[in-house]
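Only one chain is shown below, in structure tokens, and it's the form predicted on its own.
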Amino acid sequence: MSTLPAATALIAERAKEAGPVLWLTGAGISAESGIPTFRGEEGYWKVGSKNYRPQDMATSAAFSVMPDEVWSWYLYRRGVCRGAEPNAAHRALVDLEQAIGDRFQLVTQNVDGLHQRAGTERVFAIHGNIDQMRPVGGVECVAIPEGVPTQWPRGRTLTDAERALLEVGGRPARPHVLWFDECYDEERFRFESSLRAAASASLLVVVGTTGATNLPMQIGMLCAKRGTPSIVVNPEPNPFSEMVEHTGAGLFLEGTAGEWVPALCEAMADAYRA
């Protein structure tokens, strides 16, 4: 396992290169705020006598046949996210962005909105935002109306009045999230922008992700192909730490976001604005 002095030395070296430091965050950064993992017990949902897995609910196919039930599941998850607060790692990233400006870019897999609520502005939410909705088949994203409660008990169903609020321009709306049977695009999920950020990055920092989704892995592989080093923060090895081990370009810091991110941000604030 690498140490903070080694990470600080790498940061100082990479800050001399052109390009931003690119942060890529996953569920691990939000776990310390109390948000359960997507595929844990909290993700399962009963409709009638059938128990659905998250992989069943989070699809356009499911929404097409049971939109009320899918909305109820997402509104419950939204309530869980709203009950959480940004933690020290989220706040440290805000401070770093304020310190180094356009040399900072964040790509997050998380839909919980904690980075945005903490105050991060340069963020690509590549899987969407659970506080937003958009018309079915459309691109325009809007906030879920205030008339829809943020506290949503498990199993609660939609009222007619709430269903009427879940529209955009008179068209039925859907949660603004990337479903399992959908693809990334630029308009909704900043696909090309994320890859451009990876192509120009001076350093990649990956925090709390298992590498189970496509675009994050593309980002990691693109940086590895370009020879851009990565700092990988995770409690256990993952595909990103394996890339670091294979290429020799970067460091694996074993531990949580709370243990590593504030110190890394402090080192970067000193190096990238120097």
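Start at 1 with the first residue shown and count on from there. Nothing here was measured: the structure is a model prediction, and the numbers come from that model.
Omitted here: the form predicted in complex with a small molecule. The next part is about that form.
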* Answer with yes or no whether Pro67 is in contact with the small molecule in the predicted complex, where contact means some heavy atom within 4.5 Å. => no
* Taking the shortest heavy atom distance, is Asn234 within 4.5 Å of the small molecule in the predicted complex? -> yes
* Going by a heavy atom distance of 4.5 Å, is Gly220 a contact of the small molecule in the predicted complex? -> no
* **His127, heavy atom within 4.5 angstroms of the small molecule in the predicted complex** => yes
* Identify whether the small molecule in the predicted complex is within 4.5 Å of every residue in the set Asn110, Thr213 and Thr256, based on non-hydrogen atoms. => yes
* 244-252, 59-67, 220-228, 202-210: which one contacts the small molecule in the predicted complex at 4.5 Å, heavy atom to heavy atom? -> 202-210
